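Given next, in structure tokens, is a single chain: the form predicted on its own.
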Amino acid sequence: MTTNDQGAHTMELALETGALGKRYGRAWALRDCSLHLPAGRVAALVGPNGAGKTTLLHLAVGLLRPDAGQVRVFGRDPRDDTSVLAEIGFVAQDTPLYRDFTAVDLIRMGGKLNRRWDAPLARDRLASLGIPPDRPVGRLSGGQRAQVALALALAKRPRLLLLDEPIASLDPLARREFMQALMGAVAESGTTVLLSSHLLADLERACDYLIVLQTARVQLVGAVDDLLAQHRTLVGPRSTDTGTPRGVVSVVRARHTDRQSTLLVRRDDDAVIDPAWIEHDVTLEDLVLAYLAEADTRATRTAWEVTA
């Protein structure tokens, strides 16, 4: 499937959702989720626990059926057209593997279960990382198990690779080695990646696309460079004026002291900001935390209004 990106060019979408929702009982784990992920991107999926990240990934691989809306992978519904599953690699949270199996056993099993399977790729990757072939994976370190899971996912030669918090429990060295292995594989294959994680520093170095989930909804989505260019931190004298400064589309987050105000804003592309404000660039961490905090504040305020 293709779409027009601001009229600039036509691009293929690896993942697309429209008003997607999933409910557990009376609570929505994901609601009104509309986003697109262009093919070839390495995307960060960011949000706190309970934001809907795992639910979104499980919907994308057909493990769950939506209660509302739709999800498409390369233009196909993974529940209705299971042929697309051969094009998806998935590493689930906590990298679940058969702990009594060795890496060699898992590679052999993968060959029997997958129509398209590159066993030499998995063997070569694990050999280069020093992963023992004959030791049960339950006796490997957390970092080694993560590398085995990644090698198995890559052996499918997927067009889309989905990773659910694969490095959350790893120490800094294991995280770095995992991310290096991932980025090396992506550079070689051109695989589209959607990586769910809390670790913003790792994501900032690796990802060029961003999806922010909070309170079961998408708060922000787009290319990292574009999003950073669209946002600024403004600092100026404390004012009782609650209006939006000139040249600003919206105020994402505001902090005030007795003497000054600090605003993280989304600006007009070509607008000149009111000179009464001093502009500063934002980092990816600034951006993510501001949107998460504002969404959390809105949700809390709404919850209190309901009880009034």
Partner chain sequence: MIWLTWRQHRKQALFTLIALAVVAAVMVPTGLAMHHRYERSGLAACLADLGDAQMIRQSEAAVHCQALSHQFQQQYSDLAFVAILFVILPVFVGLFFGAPLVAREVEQGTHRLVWTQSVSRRRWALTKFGLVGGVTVVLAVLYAVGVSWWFGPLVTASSGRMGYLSFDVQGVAPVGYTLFAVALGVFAGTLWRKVLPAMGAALVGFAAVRLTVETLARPRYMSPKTLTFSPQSVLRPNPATGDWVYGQGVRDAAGHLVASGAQIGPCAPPGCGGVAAGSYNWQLYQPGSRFWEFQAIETGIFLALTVLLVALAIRRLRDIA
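Residue numbers count along the first chain shown, from 1. What you see is a predicted model; the values in this text were computed from it and never measured.
Just so you know, the form predicted in complex with the partner chain exists too; it's not on screen, but the next bit is about it.
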Residue 238 within 4.5 Å of the partner chain in the model of the complex, heavy atoms: no
Residue 202 within 4.5 Å of the partner chain in the model of the complex, heavy atoms: no
Interface membership of residue 96, the partner chain in the model of the complex, 4.5 Å heavy atom rule: yes
Contact flag, residue 105 vs the partner chain in the model of the complex, heavy atom cut 4.5 Å: yes
Three-residue site 79, 82 and 156 fully in contact with the partner chain in the model of the complex at 4.5 Å by heavy atom: yes
Of 63, 39, 251, 273, the one that lies within 4.5 Å of the partner chain in the model of the complex (heavy atoms): 63
One residue of 100, 124, 171, 188 in contact with the partner chain, assessed in the model of the complex (non-hydrogen atom, 4.5 angstroms): 100
Stretch from 125 to 133, 86 to 94, 219 to 227, 176 to 184 whose residues place a heavy atom within 4.5 Å of the partner chain in the model of the complex: 86 to 94
